[in-house]
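Shown next as structure tokens: one chain only, the form predicted alone.
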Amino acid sequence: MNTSEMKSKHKLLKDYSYELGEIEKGYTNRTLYVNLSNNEIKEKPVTQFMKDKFIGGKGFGLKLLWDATKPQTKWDDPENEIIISPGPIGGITQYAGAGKSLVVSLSPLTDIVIDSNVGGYFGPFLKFAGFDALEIQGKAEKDVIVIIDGKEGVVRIEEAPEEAVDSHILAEQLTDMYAKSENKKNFVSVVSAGLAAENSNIGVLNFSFYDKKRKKVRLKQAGRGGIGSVLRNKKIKAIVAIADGIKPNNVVDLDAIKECGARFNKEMRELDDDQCRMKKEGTAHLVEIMDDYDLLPTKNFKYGSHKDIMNIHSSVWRSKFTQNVFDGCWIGCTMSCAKAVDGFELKTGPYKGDKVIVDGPEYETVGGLGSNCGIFDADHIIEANFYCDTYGIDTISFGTLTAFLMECYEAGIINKEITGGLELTFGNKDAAIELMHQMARGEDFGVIAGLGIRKMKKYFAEKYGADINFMNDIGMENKGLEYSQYVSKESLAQQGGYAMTNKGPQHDEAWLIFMDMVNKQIPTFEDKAEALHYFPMFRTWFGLMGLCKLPWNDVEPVNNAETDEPAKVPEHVANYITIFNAVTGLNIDKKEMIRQSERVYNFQRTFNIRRGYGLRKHDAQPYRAAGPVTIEEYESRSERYDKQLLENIDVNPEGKSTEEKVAILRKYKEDMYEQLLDAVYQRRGWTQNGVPKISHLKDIGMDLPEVLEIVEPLQ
């Protein structure tokens, strides 16, 4: 069936006409609300209060979700929402990395707010269509598509029975359907999820963009926390945004933005090859660097390096990625890091024999689907990457939970009878890919895996009598979200950067391993606390604006090392302040930049508390994030750990059994983490139970009545 025939099968449920309007200083000054339970479509105003307190992007998402839900709302209740917002800077084309969207929802993994940063063209096209945010609530009875037509000024809800579900097909179908001609395909963007998002808690959203050179639709992921599962639970097959060209943000000072962009583009041209090689390898350039520093997760984070690293070395990815094509996931991004493997022939699953384009893999995918599962096969990683994308599976969660299952299998917690014949041993790539296909089909052991680590631990303990304490030690999740792919054992600051996050252990809040472990720049608790205040707040700012983090520090000015604070990349921070002021006409400085983020960050912390979380006990980490759990693990790095006993604790390891040494080291490392919590909470203006203090909320201007109502009883 061709796309015209598919479209003829659509049933219009509701249409809504609106005036297109203009963007003014980065804002359209309205949001779009769609309720699928009753097919209501309406506009909501963006007030000055929203802009002052919540800025945009993630901030708008948090505010809208707070207002739409109750403390007891579950992720699969109709009143849960998916909110997509690009932020005031989102959509400009004069500075790299300005095409991001922020997606906010209640997570099926964590039961708290999840936010995810994603590329692709949808966020800018949503803004060009006239909206600062899209807010979708309710549930449809049958599969629907929501179309936001920024050419005609119409929003439609249509039943869509014939289109595919898997994203690589669906995005092509809908791009063909709504572009109407080849030269208009780059003005259509599709948000979708796939079959696995229907049958698991780890579903992703795929945001599309049309690659004019390849003449292919490509996908970027809002990957964390299961928002794709929320999409499919609402019976949304896709959301489509149609743009009538690239619209200006109608900024106050375009020349200032262009000047910053020109300087950055010069850095990319002249420095990228000698720094991070983003244009050639994307984030995959990190693989051997992490291995060199014993930071590459291997066999469920037991180890940080492996002898077979050359099989997944960045040079391997460089040879597989198509070179010398524009690989930006938004117009004007000269970082061009969205690498792709073209013409990859699939060896397994429903698309076996098809030749496909595979976006990535990114470093996180290589670490998760590869080394963390003990698999050092580049083609397997590419295949698994493709299926994760089209099925709508988070590569980070899948890799981390599969590694957990492999350790459980080798420890005897689960066996072939339980797994339905899957031999989930480390390195078994055939079992790993079959587990993925089962997850997509909603069959067999794939259904159990799709629960996520936190729910699997409970299931194995209750059904099979598994040792919950051991599983808590090795199950790499915090707040219900699986860890991203860095070994944090030798960086106390990175342990905090993972487990003290509001949403769960995702490195986009604070990546401090090199500052802490390698460069020794933050030796004291006070230093670590300052870093764990500044960097999460600074990185939060990207999520308010519609910006990508990578152009901040994946290429640096040539004199950056000579500055007072090289880890902050001061020249790039100054660029961002200039750009924000040039877009909005405001006049913030770097202190106010952090305060903007603090307001939203503390609001999100309070949101978690409102839902029954957000306290000190919820910032606890699995012990494997801090130190060796097993005898084998200790002995693999015995020289390092014995030295720590002697130098840090003044305990002579000679004559002690490995079990004794593991226990002594554990007590020390757990105490260090508790001291870190104390220091960070104090720096953030929180109580020792992790609750924002009223005095701090007043100081930053987030002492809203609804916020104070939550935190006052806990002071």
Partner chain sequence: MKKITVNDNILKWEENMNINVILQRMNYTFRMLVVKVDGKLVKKNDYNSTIVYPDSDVKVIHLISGG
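Residue numbers count along the first chain shown, from 1. Keep in mind that what you see is a predicted model, and the values were worked out from it rather than measured.
The same protein also has a form predicted together with the partner chain, omitted here; what follows describes it.
**Student:** Contact check in the predicted bound form: 623, 675 and 678 versus the partner chain, with a cutoff of 4.5 Å between any heavy atoms. Do all three pass?
**Tutor:** The answer is no: none of the three residues contacts the partner (heavy atom, 4.5 Å cut-off).
**Student:** Please identify, from 512 to 520, 581 to 589, 174 to 182, 202 to 210, the stretch that has a heavy atom within 4.5 Å of the partner chain in the predicted bound form.
**Tutor:** Going through the listed ranges, the match is 512 to 520.
**Student:** Report the residue, out of 501, 560, 334, 428, that has at least one non-hydrogen atom within 4.5 angstroms of the partner chain in the predicted bound form.
**Tutor:** Filtering the options by heavy-atom distance leaves 560.
**Student:** In the predicted bound form, which of the listed residues (508, 166, 111, 158) lies with a heavy atom within 4.5 Å of the partner chain?
**Tutor:** When the partner chain is considered in the predicted bound form, the option within 4.5 Å is 508.
**Student:** My question is simply whether residue 277 lines the interface with the partner chain in the predicted bound form - judged by any non-hydrogen atom within 4.5 Å.
**Tutor:** Yes.
**Student:** I'd like to check something about residue 550: if you look in the predicted bound form, is any of its heavy atoms closer than or equal to 4.5 Å to a heavy atom of the partner chain?
**Tutor:** Output for residue 550 is yes: heavy atoms within 4.5 Å of the partner chain.
**Student:** Give a yes/no on whether residue 434 approaches the partner chain to within 4.5 Å in the predicted bound form, heavy atoms considered.
**Tutor:** No, no contact at 4.5 Å.
**Student:** Answer for residue 286 alone: is it within 4.5 Å of the partner chain in the predicted bound form, judged on heavy atom distances?
**Tutor:** Within the cut-off, so yes.
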